[in-house]
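Just one chain follows, in the form predicted alone, and it is written as structure tokens.
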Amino acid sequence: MPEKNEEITVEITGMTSDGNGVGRADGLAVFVPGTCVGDRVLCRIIKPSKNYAVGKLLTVLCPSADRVESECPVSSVCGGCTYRQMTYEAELEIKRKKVADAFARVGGISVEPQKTVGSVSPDRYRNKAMLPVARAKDGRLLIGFYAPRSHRVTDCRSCMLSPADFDDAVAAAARWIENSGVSVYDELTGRGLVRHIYMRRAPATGEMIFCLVINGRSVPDGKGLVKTLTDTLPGITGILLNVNTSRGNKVLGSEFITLYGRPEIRDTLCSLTFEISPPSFYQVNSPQAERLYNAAAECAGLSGNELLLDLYCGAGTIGLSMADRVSRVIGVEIIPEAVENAKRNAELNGITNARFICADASKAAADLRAEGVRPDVVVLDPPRKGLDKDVISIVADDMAPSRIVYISCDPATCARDCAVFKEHGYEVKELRPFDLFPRTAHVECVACLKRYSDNR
């Protein structure tokens, strides 16, 4: 069994679900971040245990055919780009296998996923970024990302996944922080003002908002912040403060204060205009989201006469993108601002057959059941934790749609929920992985479920 700090040679033969290479030493699984299948590496054991060990990559002795040089100077330490050391084609295949493994292992469902649909570009695709702000022990300002499994901030002010406008805005904000002498939040003490930088940009329109998350309700020299940012980005749409005075890991508080411009941005997706407020859910990779939604519509098999229920609808993007192919859309979302966005988006696009409800999915589903609503198609796009069993029961047993389209950012929870749907009479007929998060360990998928027998 390898011991701590021992240096060993490992052949990488597989990948874990979170993107680490895995090999074996003395029969023990050894996980080595930053490796590719086919690599032979020298690593130092940093965490030995009875059942496995974790190694730190020291040298690639014999590289895999899939290995490439990372173009990012901090990719090995920032915790974001799990797959930057390999070709994009290899990454897409790993993600297809990840989806297949989750459905087989977690869901007990034998279904072969299609080839992963790759992103138009694996770089500069993100339309949203949240960057923690901290001070190093020597007083240096740190703005970037948390290192893996920690809240230690890796300084990275130019991320290859984000648009250049974000880099410019971060550089401007850093200048303002240093020049104004504003304090930076310390997680250990709960003191200090500036906590995070939060940005959103609409790729189709170029509109962008900058939000400073603070441990308070105001900043010194707010006019200076506005001037610094508008001088750097003359076309910036809005500059905001977000009030988060709570301890803990939650990034955003519930209150936004507008310092300049307007808080919403508008983007174009699936030939529709969408207005997005700061807390509203919106896919971070807009071109790829359009492909995803088109695939979801194909899975839904719409003919023009269906009642479509869109649970976890966010700003209404999915349901509204299908509104011209159904008789009626009902969207459900728990975030009030997102529901207002959804209503406004229907209005902006002249869509009159959509209704939006602000409620928890479980309550809304129960209320709709009580109204006698029987959707023909249900679209589900829940958060990473997946669905509550009562939602599955109400949808499958009481509403009994002929088709369910499940969009998920976590194949494991999707597989788990599809297994429960199977118990309620639904079968996964098609599974399509989509890479909305290139270079990271995340993968989105669309599961198309059909009822074994539809008696309606």
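We number the residues from 1 along the sequence you see. Only a predicted model underlies this, so the values are computations on that prediction, with no experimental measurement involved.
There is another form of the same protein, the form predicted in complex with ligand SAH; it is not shown, and what comes next is about it.
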is_contact(Ala361, ligand SAH) in the model of the complex, heavy atom dist at most 4.5 Å: yes
Distance check, Cys313 to ligand SAH in the model of the complex, heavy atom within 4.5 Å: yes
Ligand SAH contact in the model of the complex: Tyr88, any heavy atom under 4.5 Å: no
Proximity of Gly248 to ligand SAH in the model of the complex, heavy atoms at 4.5 Å: no
Candidate stretches 315 to 323, 190 to 198, 130 to 138, 106 to 114 - the one whose heavy atoms come within 4.5 Å of ligand SAH in the model of the complex: 315 to 323
Contact residue in the model of the complex, chosen from Asn244, Thr82, Thr237, Gln283 - any heavy atom within 4.5 Å of ligand SAH: Gln283
Listed residue that, although ligand SAH is not shown, lies within 4.5 Å of it in the model of the complex (heavy atoms), from Leu348, Ile334, Val182, Leu259: Ile334
In the model of the complex, residues of 290 to 311 near ligand SAH [heavy atom within 4.5 Å]: Tyr293
